[in-house]
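As structure tokens, one chain now follows by itself in the form predicted on its own.
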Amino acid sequence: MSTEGMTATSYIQHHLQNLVYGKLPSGYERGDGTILEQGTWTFAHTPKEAVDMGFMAINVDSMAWAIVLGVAFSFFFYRAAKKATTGVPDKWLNFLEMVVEIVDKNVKESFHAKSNLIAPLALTIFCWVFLMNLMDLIPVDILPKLAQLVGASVFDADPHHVYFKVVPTTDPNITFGISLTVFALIIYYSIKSKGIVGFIGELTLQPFGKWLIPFNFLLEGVSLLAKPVSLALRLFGNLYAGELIFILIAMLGYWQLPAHFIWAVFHILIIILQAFIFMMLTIIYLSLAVEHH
């Protein structure tokens, strides 16, 4: 990416800033000094503009990469399913079968009920999160530099105003989006398994019985809400820290190549482990949701 006139701090901040699209209000003074005559939907030119766009702004880069990687996962597994035969599978099919078997084994061992959704859900979460994490191994300057070149040549944009993050799981909006979907499934399976009365009773009558309902509800409510929060923040925190180290390594000049390789080898374990943990916690939380207490 363009680093002319950038300090180490601004270099790091530039890499950690998303490409944000949102609405700026009328009368807003932009970073270049221009004042908007009316409310305008546009890309943020500075981190401050991104913040001022508010809740309805979209992190375009995170959203785009998450969708692209999700489509890629679906496409490759669809092609593999179409090519699967009773004959000897090739290496790619062998690998996919191994992944499916590992996920299926963990679902059978951890989910103590019958559901046609849990195994496909677990497989989707593991592969999708893994692919999003895997983007962390791409050298940090390659895709942002390409985005700046496209922005400058196609959209006549100032390269310093083109932000581009390529690891969706370093964006809490993405990790919370997945975890809140899991949370919705937890609520759904809890009500489906126990009924609305049973679900409310579970939140209010344990662990101390009917005489301490407010205290029970406080404890169980915090425990329930902690599940999506812990899912999202665990994944985000580990990948964000890993990305930050890659950015710091990129500032070492010629020494970045061996350092990048060493950290990347170690980081592969984190990438796989975090995807596996997210999948396993999802299975366990849904299993707890269908159990009667």
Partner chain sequence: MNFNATLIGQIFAFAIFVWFCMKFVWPLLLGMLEDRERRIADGLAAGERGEQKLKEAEQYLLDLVHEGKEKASEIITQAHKRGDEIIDEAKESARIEGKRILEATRGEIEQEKEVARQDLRQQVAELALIGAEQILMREVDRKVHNEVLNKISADL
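Residue numbers count along the first chain shown, from 1. Since the model is a prediction, treat every value here as computed from it, not as a measurement.
Keep in mind the form predicted together with the partner chain is missing from the figure; the text below concerns it.
The partner chain is not drawn, but in the predicted bound form it has no heavy atom within 4.5 Å of M135. Of the heavy atoms in P120, some are within 4.5 Å of the partner chain in the predicted bound form. Using a 4.5 Å cutoff between non-hydrogen atoms, E101 counts as a contact of the partner chain in the predicted bound form. The shortest heavy atom separation between T85 and the partner chain in the predicted bound form is within 4.5 Å. None of 192-200, 151-159, 75-83, 210-218 except one has non-hydrogen atoms within 4.5 angstroms of the partner chain in the predicted bound form; the exception is 75-83. A heavy atom within 4.5 Å of the partner chain in the predicted bound form is found for one listed residue only; from I58, L248, L257, L36, this is I58. Shown without its partner, this chain lists A241, I67, I262, I268 as candidates; in the predicted bound form, only I67 has a non-hydrogen atom within 4.5 angstroms of the partner chain. Residues V20, A50, V51, G54 of 19-54 are found to place at least one heavy atom within 4.5 Å of the partner chain in the predicted bound form.
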